[in-house]
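Presented as structure tokens, the chain that follows is alone, the form predicted alone.
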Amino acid sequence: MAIMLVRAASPGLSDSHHGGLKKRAPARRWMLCSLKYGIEPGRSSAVYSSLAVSPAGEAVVSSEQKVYDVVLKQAALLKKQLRTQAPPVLDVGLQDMEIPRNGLKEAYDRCGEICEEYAKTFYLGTLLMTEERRRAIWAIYVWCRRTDELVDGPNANYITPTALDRWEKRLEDLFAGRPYDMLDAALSDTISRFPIDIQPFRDMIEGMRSDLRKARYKNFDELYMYCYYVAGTVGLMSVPVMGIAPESKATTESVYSAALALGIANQLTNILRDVGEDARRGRVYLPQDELAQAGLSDEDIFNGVVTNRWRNFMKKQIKRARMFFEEAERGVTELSQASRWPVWASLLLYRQILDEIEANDYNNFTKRAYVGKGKKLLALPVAYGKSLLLPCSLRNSQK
């Protein structure tokens, strides 16, 4: 389960999640770097994707900016609820489905069982949450898993764009209070209790469509959009449920952006871990322009030989993923304290996969990097300790 700062500047207003509006500082001007990883002059931080210039000389909006527009919309929903201190007013009720007595409890319990089966470490962390938040996270997790199974599950060969269209229609019915089955009913109930917008869910389905029609990515800007679709969306879905610490001084937008960054980091890690597995399916989830700059091609990946060129290429890819994790780490501290542990556990364990790739001498063709049970167990108390820290925004304000 993915939760979390992508450095994206957008003109307009910014405000604290506590309410009052304030004028935003002028947007940062990033160096144009042809839609690839770069460094802004005079800074040590990365520019993950940026504006490009079209042949006509016009600025082209990057994927990062497109996604940030979604972030602003999600943050506005949460801020509206926090200002009124009332539950969201949504036109959702379980209208067309007869739910037996205790049916919703059984539906949520089943979601919890699925989460425990497929995401044991994360599940343990959710047990520290309040009951309402815990059940809501389970419902979101199960919908995301069911969506992913459409293109990666046992029936993936039979999935068509039409099937995904039907799944999106079912999503719209779910948001309108017309769930198809009991697992849908759990999510339908969840969105009636939290300010969750449908857009990230739609975007995740779009990511599944991408898997049906696309097996190459020209540059990191394209890959960034894919990572948002299939993983960054989970962070946007989850922040309203996780909640923001009442003492936090961070803006709502920055917390959502951090949630997005963890999703991007986790997906980039998945991609780097699964290079060999994806290649055997004819897929290359790596920026084609960066491969070419490193003197590599798809054939090198299909041949699966670790060379110095491959090691140098992988070092840069791992560095980028770690920078997203660093951005995410600051945002996790801003979440409600009871929600932080599973997010910290996810972050720490996923980041260790990158360490394992390095330990395997960058052989992600025939060796699958994984974190052993012992390291997982050690990560849990570390994650719990980090969950007790003050929010970064509060610590910074006290300096």
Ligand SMILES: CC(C)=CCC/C(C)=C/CC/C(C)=C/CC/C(C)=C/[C@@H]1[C@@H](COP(=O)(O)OP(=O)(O)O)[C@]1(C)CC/C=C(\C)CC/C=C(\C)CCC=C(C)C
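Because the structure is predicted, anything quoted here is derived from the model rather than measured. In case it trips you up, residue 1 is the first one in the sequence shown, and so on.
Another form, the form predicted in complex with the ligand, is not on view; read the next lines as being about it.
For the ligand in the predicted complex, the listed stretch (216-224, 183-191, 314-322, 229-237) containing residues with heavy atoms inside 4.5 Å is 229-237.
Among 298, 274, 168, 116, the residue placing a heavy atom within 4.5 Å of the ligand in the predicted complex is 274.
For the options 152, 247, 132, 172, the one in contact with the ligand in the predicted complex, meaning a heavy atom within 4.5 Å, is 152. Taken together, 63, 71 and 205 are entirely out of contact with the ligand in the predicted complex: none brings a heavy atom within 4.5 Å. Contact check for residue 267: a non-hydrogen atom falls within 4.5 Å of the ligand in the predicted complex. Contact check for residue 310: no non-hydrogen atom falls within 4.5 Å of the ligand in the predicted complex. Of the heavy atoms in residue 350, some are within 4.5 Å of the ligand in the predicted complex. For residue 148, a non-hydrogen atom is located within 4.5 Å of the ligand in the predicted complex, even though that partner is not displayed.
Contacts of stretch 311-345 with the ligand in the predicted complex, defined by any heavy atom lying within 4.5 Å, are made by 328, 331, 332, 335, 342, 343, listed in sequence order.
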